[in-house]
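Heads up, the chain below is alone and in the form predicted on its own; it's given as structure tokens.
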């Protein structure tokens, strides 16, 4: 379970590498359990779509803290192998600790930018990702690079968010925070959680990278930010996501953060029933093959 040195802040994804190795990466690592509670069930849908089988070799792109890497390792078995790739040292540290605790001998990790990293040629059966492929400056180039690592007939399976307008769980607290600090609307063509919100853009990216048999399935669901607890969801909104980034960029102090928290709490109240917070979300489940 080796780990390489930190990737340089240079290269095409320098901004994202810097972001995920500073406050964002540390916060995601610290909030690992809470995040897995929220997005874990969606990852299960993507894992089912991947059809990971015994003895296969898989890459988990943007593996984060390694929850899906560990599950892929279980599915491919001792004779299979899984490589988790991410640019975030703090998150990969958690992923490595998880794999060690579970005694997973068929897992390794690579601290690298999947857009440019040499992952081998024809080396893997499966490229998988749970919300890890939306952060490339040039996603077509990234998927072309990843395709080279797939054996002929290999497949890619991933889940990504639909447009932010279809994800009130992130939109509502973001708009509340925007009442206190500058927060430009997300650019759908720039790296970020909603960069793959347009179905046609996903199709174009994968086609441009020479993938075939592309299938994109939309799914609507409910999420429970903060485990359904409003106060925990407010903390989540102030620490993770676009709103949190805007607060950090504005150098928000305790007073401003407290005002933003009150506004977020007020915005979330209409989504609370019988003491539990549940909010709408929408994702794309994507699968394609290397011809």
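Numbering follows the first chain given and starts at 1. Small disclaimer: the values here were computed from a predicted structure and weren't measured.
One more form of this protein should be noted, the form predicted in complex with a small molecule, which is absent from this view; the next part is about it.
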Report summary line: The listed residue (174, 154, 197, 132) that reaches within 4.5 Å of the small molecule in the predicted complex by any heavy atom is 132
Report summary line: Note: exactly one of 209, 178, 216, 112 sits with a heavy atom within 4.5 Å of the small molecule in the predicted complex, namely 112
Report task. Quick one: find which of 58-66, 219-227, 253-261, 45-53 has residues within 4.5 Å of the small molecule in the predicted complex by heavy atom distance. Result -> 58-66
Report task. Using the partner position in the predicted complex, report whether residue 136 sits within 4.5 Å of the small molecule, counting heavy atoms only. Result -> yes
Query raised in the report: Could you tell me if residue 87 has a non-hydrogen atom within 4.5 Å of the small molecule in the predicted complex?
Result: yes
Query raised in the report: Contact between residue 91 and the small molecule in the predicted complex at 4.5 Å, heavy atoms?
Result: yes
Requested in this report: Check whether residue 245 has any heavy atom within 4.5 Å of a heavy atom of the small molecule in the predicted complex, and answer yes or no.
Outcome: no
